[in-house]
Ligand code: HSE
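Before any questions on how it binds or moves, here is one chain, the form predicted on its own, in structure tokens.
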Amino acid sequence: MNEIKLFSPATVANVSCGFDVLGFCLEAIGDEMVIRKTANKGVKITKIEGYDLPFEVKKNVAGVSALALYEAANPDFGFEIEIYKKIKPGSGVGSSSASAAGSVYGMNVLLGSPYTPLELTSFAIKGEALASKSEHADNIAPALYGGFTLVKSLEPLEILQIPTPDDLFAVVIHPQIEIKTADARKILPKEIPLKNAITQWSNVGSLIHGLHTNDYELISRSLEDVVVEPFRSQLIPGFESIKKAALEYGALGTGISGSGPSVFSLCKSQTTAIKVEKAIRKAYSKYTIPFEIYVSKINMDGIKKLN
């Protein structure tokens, strides 16, 4: 195989209570990429469609992660990368991680798949750090593994796959404003009250248990963020209106996707998710901000090859 075309999905990070450690993969939106072998050594980005992103490899997240893998593999050929960007940068659903994870996934396949998903995550983190100014894997991991993932640690890197209940759906609204991850990190407090910390790690533990046992009620009671949401929600116009509408129409819980401005709602069943989507659409239409909204099943496969 000399060329691969792939779908690199959007992801939701943090999942309310799991700041920097929890994430899940979406089906409804993602980037497309083409990776091909070239006779000349090195990595080049030859095409970008959708958004204005740098072609210079060391300034592009897909390029930085690709270089990390390329230097480790040291093949006697090179790679070209084409990026068809469908996820808006700064949208809060893993735009940078889709690029970073997609490039290393495609290169790995063309190399004969010598690297594990964990090793690919370690390469992709280098690209993600370019966008967010810090290494974190809560978007990278679900893109590469699929489903829900927990980042047990970064040093050493350890990723845990978490079971996903069959009837779990996500509704994601993306107000058309940009919030840079680095900026969203700056507003977070350096210290938090012990009471809030206890509540937060209790919610993380019970959410993981709820996912393992298909306990939707427990999942619902666990989707509470007392650490990050009180600060970041101020950056998202209409956040409380979105949350109120979603919960009134049966969402299990609603929270900020990554650093925002996208907001996710987890729902039991597609039927409920469609009701929640309509309620959020109606509530947010009162604002003057354009938005996109979609319903997605949890993507259990992560990045996949396209024909």
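Only a predicted model underlies this, so the values are computations on that prediction, with no experimental measurement involved. Residue positions are given as counts along the sequence shown, with the first one as 1.
Keep in mind the form predicted together with this ligand is missing from the figure; the text below concerns it.
Site annotation in the predicted bound form: the residue of H136, H174, K126, K88 reaching within 4.5 Å of this ligand with a heavy atom is H136. Remark: none of the three candidate residues (P9, Y105 and K304) comes within 4.5 Å of this ligand in the predicted bound form, counting heavy atoms only.
Within this chain, T121 is remote from the site of this ligand in the predicted bound form, having no heavy atom within 4.5 Å. Although the partner is absent here, D20 sits close enough that one of its heavy atoms falls within 4.5 Å of this ligand in the predicted bound form.
Contact between S262 and this ligand in the predicted bound form is not found at the 4.5 Å heavy atom cutoff. Mapping the unseen interface onto this chain, A13 counts among the residues with a heavy atom inside 4.5 Å of this ligand in the predicted bound form. In summary, the region of this chain contacting this ligand in the predicted bound form, judged by heavy atoms within 4.5 Å and restricted to 54-62, 28-36, 274-282, 252-260, corresponds to 252-260. Contacts with this ligand in the predicted bound form, taken as any heavy atom within 4.5 Å, map within 154-188 to T181, R185.
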